[in-house]
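Okay, here we've got a single chain as structure tokens, the form predicted alone, with questions on binding and movement later.
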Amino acid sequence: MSVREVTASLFGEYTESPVDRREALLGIVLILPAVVLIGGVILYPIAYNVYLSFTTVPLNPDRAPEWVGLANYVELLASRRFWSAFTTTVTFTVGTTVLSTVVGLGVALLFDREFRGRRFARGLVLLPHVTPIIAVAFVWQFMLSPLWGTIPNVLADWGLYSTRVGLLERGSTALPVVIVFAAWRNFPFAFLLFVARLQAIPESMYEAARIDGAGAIAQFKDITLPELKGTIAIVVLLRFIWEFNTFAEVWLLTRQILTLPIFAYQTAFANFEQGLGAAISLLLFLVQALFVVGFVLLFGEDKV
């Protein structure tokens, strides 16, 4: 098949004239480098990871991976450590997503009014999100230290903390602390989206509601919240995807929590079981894909 015939089959009625055919061919030539780049940078690593998940990778680089079929997945699904990491990941993701969304919405509502220094205050709100993660993680470790940290001392004064073991050294307390830390670091993202949407709501809607005698709560329930449904859906979807893949926030703050990304890292690069690590990462991807599909089906494409 000639180039002309391929172009005609791809573009149909738009390739009836020679000019249209040349423009269509030019379009193919222009997007070809981007397609090749995407294929090399994104598609190839994904395909290679899928292949590795069905193999056992030897430590000797001169030996090729050995095909084991579904053995890696069977081992993972029968592993208590995998299911513990999965449960922890879901708990962390749901807790962080809900908390960061609620806090971001609350702060956005506070800033949706005129006051002196509002622009400067907005800049301060963004600091947790733009500050390097390694810096804020070490600061939080310092504040949570049982020896010189301020937070344990305050909790002890309130009668809520009476042990010398740090909050980040016990699994029962490390997970809530990490959830709070991740929500504090990432709520500015939700804040920005909510502020942008709040400013787009016509003021005439609130004026009409006030004329009808609606109070602040009724205005929020009947005007603000319905107008924010699409933004809330987008924030929840994006935050779920990002938090489910979170590695740095957890790894830098404590080693007492095992999530799926950390489990995949330890398996592939600490235990040198790269095939098993690839299987974990692929299951991680499949869970997120199922969530995205279910989320879109539940809320509709017009919301996301």
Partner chain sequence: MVELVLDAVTKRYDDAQGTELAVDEVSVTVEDELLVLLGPSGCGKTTTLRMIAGLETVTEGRISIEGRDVTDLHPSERSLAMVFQDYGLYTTMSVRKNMAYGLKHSTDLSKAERDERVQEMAEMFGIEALLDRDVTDLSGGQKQRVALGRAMVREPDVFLLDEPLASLDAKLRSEMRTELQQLQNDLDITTVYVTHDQKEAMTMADRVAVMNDGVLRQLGPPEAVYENPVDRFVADFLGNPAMNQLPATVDRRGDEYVLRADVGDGRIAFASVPRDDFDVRDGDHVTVGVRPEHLRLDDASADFEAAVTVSEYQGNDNFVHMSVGERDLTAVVPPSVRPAAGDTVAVSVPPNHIHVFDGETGASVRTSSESRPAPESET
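Given the structure is predicted, the values throughout are model-derived calculations rather than measurements. Numbering follows the first chain given and starts at 1.
Keep in mind that the form predicted in complex with its partner chain is not shown, yet the notes after this line are about it.
Enquirer: Which of these residues, 94, 126, 74, 205, gets a heavy atom within 4.5 Å of its partner chain in the model of the complex?
Expert: Contact check passes for 205.
Enquirer: Just give me the single entry in 214, 139, 155, 196 that has a non-hydrogen atom within 4.5 angstroms of its partner chain in the model of the complex.
Expert: Residue within 4.5 Å of the partner: 214.
Enquirer: Which one of these stretches, 83 to 91, 180 to 188, 131 to 139, 220 to 228, sits within 4.5 Å of its partner chain in the model of the complex when only heavy atoms are counted?
Expert: Partner-contacting stretch among the options: 220 to 228.
Enquirer: Taking the shortest heavy atom distance, is residue 209 within 4.5 Å of its partner chain in the model of the complex?
Expert: Answer yes; at least one heavy atom of residue 209 falls within 4.5 Å of its partner chain in the model of the complex.
Enquirer: Evaluate residue 116 for contact with its partner chain in the model of the complex, applying a 4.5 angstroms cut-off between non-hydrogen atoms, and reply yes or no.
Expert: Residue 116 belongs to the contact set for its partner chain.
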